[in-house]
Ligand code: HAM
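Taking the form predicted alone, here's one chain by itself in structure tokens.
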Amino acid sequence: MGSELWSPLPGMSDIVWPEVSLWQKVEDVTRWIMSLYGFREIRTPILERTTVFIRAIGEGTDVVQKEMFTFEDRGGRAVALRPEGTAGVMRALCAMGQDLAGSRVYYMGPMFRAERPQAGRRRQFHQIGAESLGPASPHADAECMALMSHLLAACGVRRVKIRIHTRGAMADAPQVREALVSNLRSVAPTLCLDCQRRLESHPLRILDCKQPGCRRVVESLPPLTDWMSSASREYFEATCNLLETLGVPFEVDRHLVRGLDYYEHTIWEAVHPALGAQDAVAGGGRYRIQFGDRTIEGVGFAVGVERLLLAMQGEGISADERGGAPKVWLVAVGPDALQANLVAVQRWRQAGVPCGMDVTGRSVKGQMRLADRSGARWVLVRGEEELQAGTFRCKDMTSGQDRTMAVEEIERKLLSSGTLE
């Protein structure tokens, strides 16, 4: 019972130092890159009415049918932990009651799906997402993919491939579905059980199946674009041309479909070789979502943070073991020095100097052990003699050099140059 008490639930993780330093890096980079493109942050609840996701994502999708954490709250409402970010963002923007065209927002936070935990896929996972609202435009789609590419590169992820395809206009969906089902019905017995079910409920997902038998069937199918309107094909071609103009590398993947019902026109995924079979680090596309009497059009993407961190580690980017370490650590010999040191660190911290000290009355030896573990560059020691003289004994933890310095000199150097060298 004791070990269970200290362990998180299956599929959920504690994020602790030093790993959290990578999370902080990603969050800082995200805020910077999003500001360059004119996106503003939005924060929505992790708990929503279940209907928010059913209407936006689609009742026949795997997310809604199998992966949502749903329950009834004390008020008798059917609620769900958010499985993705777009639906809640759209609800929040609609609640603002204004013209949404031109809105550019981003979000960061936890999502939840009732899946079997595996590498890069957790029951509680985290996403960074961006939404750019407005009517269908190849220029907007290309800009959104350029933003995603820029964000991944700024995080140090270079070996990423962007695969793109098209779902065509919403008006194309019935004829695409009919043609696809017609081509698959005669070979249905060779499909896996999941895909046999999808043939009637969600046939596009068959194109994404990883089972060898299903892959062979899919490879023999005509491209989906053969069943789309000429306008949809021209839209996709224009988007590809713009990506080339912007210098965003990509490859067309005619089997890419994405699993949510609200997509139309351009869809994409970014994959990385460090992730193994589940190689998608990010994905997105153009969408059309119906909320009550409002139709919301836009384009967006989401980055899986856990997968992004795996990709970063695959690029040789490691957690910062020493990041966040105090610059100086104060050691007190006696109660008077302890109080004087507390006054000093508070004054220096307020001036922007990272400082550390023990406030529990440890021995000098114990304080020195803490100082060493903290990663502080300099350790400042004083007792009664130093208090009387207005000095510290200063030890450079890098060179091992010891010297005596006046308090005034230490303060002047720390507050002006941030160094005691």
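The first residue of the shown sequence is 1; numbering continues from there. Because the structure is predicted, anything quoted here is derived from the model rather than measured.
Heads up, the form predicted in complex with histidyl-adenosine monophosphate isn't pictured, but that's what we're talking about next.
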Residue within 4.5 Å of histidyl-adenosine monophosphate in the predicted complex by heavy atom, from A325, C192, A280, C94, is A280
Which of these residues, Y235, W348, Y107, F250, gets a heavy atom within 4.5 Å of histidyl-adenosine monophosphate in the predicted complex? Y107
Residue-level contact is defined here as any heavy atom of the residue lying within 4.5 Å of histidyl-adenosine monophosphate in the predicted complex; does G88 satisfy this criterion? no
Against histidyl-adenosine monophosphate in the predicted complex, would S149 count as a contact residue? Criterion: heavy atoms within 4.5 Å. no
With heavy atoms only and a cut-off of 4.5 Å, decide whether D141 touches histidyl-adenosine monophosphate in the predicted complex. no
Report yes if any heavy atom of S137 sits within 4.5 Å of a heavy atom of histidyl-adenosine monophosphate in the predicted complex; otherwise report no. no
Only one of 294 to 302, 331 to 339, 211 to 219, 164 to 172 gets a heavy atom within 4.5 Å of histidyl-adenosine monophosphate in the predicted complex; which is it? 294 to 302
Scan 262 to 297 and note down the residues that get a heavy atom within 4.5 Å of histidyl-adenosine monophosphate in the predicted complex; none is a fine answer too. Y262, Y263, A280, V281, A282, G283, G284, G285, Y287
